[in-house]
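Only one chain is shown below, in structure tokens, and it's the form predicted on its own.
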């Protein structure tokens, strides 16, 4: 498959801390890549560099052959790379439908179509339909139709996550980056949620990179795993290979099991 995103020798320091040390990764079109590593390993820094929120000290990032290293986050979104956040970025006082309409309004404005108040109800780019129809379509695809008129602030945690991810799909991204999509989601809901997200995203034809601490989620949904430790990628392989790599078991999987044990202990205290 063709390479859609190519990160080359990325380096980033924050004072005495090395957050990225020669990180390189070529991401293929239509792939699903899981990013794993303990807190501070460099995986979120990698995501932030790709989306323009952090600039690498050295190295380059290419999207479909275009150097996007110096672009601002908004410009990177416009070329087709979108992200969700660990903490959902929603308009709490607006309904689910209104949140989606706001996102689609931004898409219309960025396309130079004047937003919702243009004459003739302009179609949303890539959908060949007005914003209201597109909003309903995306909400149904993410199983959010029953929550259409509820305010975002009263939604359960898993539904808030789904809505945040659904909002990123308004722009029909070529690449979608998900930052801990199952964080805060109950164990009973996590697999069903991920299945819905992956089905919806794949239906739109997006390549997916997701940061995840849950190794069960990684092994089930990732086709490829990038394991980070100390600002470096220490493994780049299919899940069954990467998760059994001795360095990954020592520095990543073992650390995550310890973190989960600590969380359980705190919850039971």
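Numbering follows the first chain given and starts at 1. Quick caveat: nothing in here was measured; it's all calculated off a predicted structure.
The discussion below concerns the form predicted together with a small molecule, not included here.
When the small molecule is considered in the predicted complex, residue 233 lies well away from it, no heavy atom lying within 4.5 Å.
For residue 39, a non-hydrogen atom is located within 4.5 Å of the small molecule in the predicted complex, even though that partner is not displayed. In the predicted complex, at least one heavy atom of residue 44 sits within 4.5 Å of a heavy atom of the small molecule. Although the partner is absent here, residue 19 lies within 4.5 Å of the small molecule in the predicted complex, judged by heavy atoms. Contact with the small molecule in the predicted complex, defined as any heavy atom within 4.5 Å, is confined among 31-39, 63-71, 218-226, 202-210 to 31-39.
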